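This document opens with one chain alone, in structure tokens, the form predicted on its own.
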Amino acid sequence: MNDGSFARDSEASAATTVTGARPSLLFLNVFLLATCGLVYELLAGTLASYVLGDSVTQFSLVIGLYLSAMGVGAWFSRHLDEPLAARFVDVELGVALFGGLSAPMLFLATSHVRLFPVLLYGIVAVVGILVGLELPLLMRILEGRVQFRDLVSRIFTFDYLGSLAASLLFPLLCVPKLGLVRTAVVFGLLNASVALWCSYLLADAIPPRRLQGLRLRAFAVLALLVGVLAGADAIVKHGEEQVYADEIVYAQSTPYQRLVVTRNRAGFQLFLNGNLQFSSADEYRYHEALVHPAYALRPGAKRVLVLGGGDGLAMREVLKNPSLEAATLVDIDPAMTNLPHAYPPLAQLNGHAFDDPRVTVVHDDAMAWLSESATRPRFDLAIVDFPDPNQFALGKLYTTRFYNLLRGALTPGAPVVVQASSPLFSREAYWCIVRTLEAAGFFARPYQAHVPSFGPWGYVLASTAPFETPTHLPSWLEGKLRFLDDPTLGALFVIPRDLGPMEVAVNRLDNQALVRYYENAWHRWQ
């Protein structure tokens, strides 16, 4: 009876003893935990935008759910009783487990359209609740050890500094160097290490019989995450194999996108963030239709601008012009323009276009580059070959603001051609691009070509001067094309009734109507 009473008294004493650890070490923990928490949030938002599209909506939903879940966790912390130090360590292990496994689980679920959002928002909610428990518990542990005003100011200072560290590390180091899956697991390991460290820092505030169990759980979580880290490549490969029908032969994550090249008997295919960009079997149709109607208007163009088109395939067509003196390609992602070197079959397909001395490659945001182009020589022809506007970062490149900047980089009457998505699958988006070019002062002629990998595909030929629809290709293209000839060129500008004009809004920076049109249209076909 006395022994039992003594044990209970010892446990109560341990539970209520203020830790002897230096508070500065615990404030360092706050910095590390804040960094981990924000990284998990950024991972969830990034994967959501990759899989579900519309990055603004997805990041808004993830951030809103995460912050509200933190509020739930903070409210629930009042119901957690002694021993607080043990509770705190358990919470950290929970964050490490769910946060560290978040990207691997979501990556494996990318092919399950209905499951992915449920898993995504469930993980965000759980991690948010656990992160919301951290600071209130730590403040209660330090209560009485540090003056309240100092406690609050230091806790939140280190919390905000940790968030800043995460916001810098994530795009600059984590995604390009580690990838999404490894980033999650590495920060999960950091979280679990902090939990284990705290089991020693707060040992005098944890009952002895619970301390051993906490440390065993910490080592178990660390071992699990180390195993997942070792299998990260297999997880990524398995997840992507569920999404892509063919063998993956090259993959890379960059600060801007996920590049995946697949291969089958017909050739190879490039995907950006899961969206097909071209198939080597029929890309010639797309790129001949993209470039040569503009050359038909100005066959003697000496200076040509290509915006986007980092695969070099549009540049291959541009270089067929014997009058060409200089061609400039602007693409934001160095990994994209380096892809022909990383995957040699692409270099062969684009005719080693980037090795031509007439070509200059610029790695910059196209809108920022155009805004600084006033002092540069103007171009006689422009090819605009951006990915489809499935997020606002791309949608800005289809706005009146962008097209006005483009006008300033061109010689008078220079032709411009814009890839404009599918007039069948995203009809509203297609005509939105046409109307936006017109609103920016261009005369526009819509046209379309059939590309088997995509179906009917839309383009817009435009110029600041009125022009007749071209019907004859330049003579120097004789024998150089596989798809286009004069009769085919004229037929491109015949728009079937079911692809015809629609009443749509103009795409401006402050409304981004195009992204909404695009997302709504493609959701109807999925």
Partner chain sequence: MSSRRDFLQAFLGAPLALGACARGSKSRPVHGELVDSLESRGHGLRDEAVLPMPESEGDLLDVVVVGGGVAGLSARARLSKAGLRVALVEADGVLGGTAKCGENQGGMHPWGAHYVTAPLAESTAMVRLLEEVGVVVGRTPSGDVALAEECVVRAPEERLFHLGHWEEGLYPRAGASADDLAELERFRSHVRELAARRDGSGRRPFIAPLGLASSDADVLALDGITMDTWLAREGYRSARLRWLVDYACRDDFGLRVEATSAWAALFYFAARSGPGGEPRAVIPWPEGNGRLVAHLAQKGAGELWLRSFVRRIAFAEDGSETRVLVADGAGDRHVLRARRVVLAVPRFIGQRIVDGLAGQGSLVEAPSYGSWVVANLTLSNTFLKDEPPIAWDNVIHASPSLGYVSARHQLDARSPYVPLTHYYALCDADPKAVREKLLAIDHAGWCDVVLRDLEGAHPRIRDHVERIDVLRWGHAMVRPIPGVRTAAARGDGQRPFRSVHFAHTELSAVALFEEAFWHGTRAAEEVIEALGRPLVSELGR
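Bear in mind that the values here come from a model prediction, so they are computed numbers and not experimental data. Residue numbers count along the first chain shown, from 1.
As for the form predicted together with the partner chain, it is not shown, yet the points below apply to it.
(message) So if I measure heavy atom distances to the partner chain in the predicted bound form, which of the stretches 398-406, 208-216, 289-297, 160-168 falls within 4.5 Å?
(response) Going by heavy atoms within 4.5 Å, the stretch is 398-406.
(request) Go through L151, L324, L346, M367 and name the one with a heavy atom inside 4.5 Å of the partner chain in the predicted bound form. (result) It is M367.
(request) State the residue from R87, R427, H363, K302 whose non-hydrogen atoms include one within 4.5 Å of the partner chain in the predicted bound form. (result) Of the listed residues, the single hit is H363.
(request) Would you check, heavy atoms only and a 4.5 Å threshold, whether L509 touches the partner chain in the predicted bound form? (result) Residue-level check for L509: yes, a contact with the partner chain.
(message) Is it the case that L93, even though its partner is missing from this view, gets within 4.5 Å of the partner chain in the predicted bound form, heavy atoms only?
(response) Outside the cut-off, so no.
(request) Check whether Y121 has any heavy atom within 4.5 Å of a heavy atom of the partner chain in the predicted bound form, and answer yes or no. (result) No, Y121 sits far enough from the partner chain in the predicted bound form that none of its heavy atoms falls within 4.5 Å.
(request) Answer yes if any heavy atom of I332 is within 4.5 Å of a heavy atom of the partner chain in the predicted bound form; otherwise answer no. (result) Although the partner chain is absent here, I332 would touch it in the predicted bound form, with heavy atoms inside 4.5 Å.
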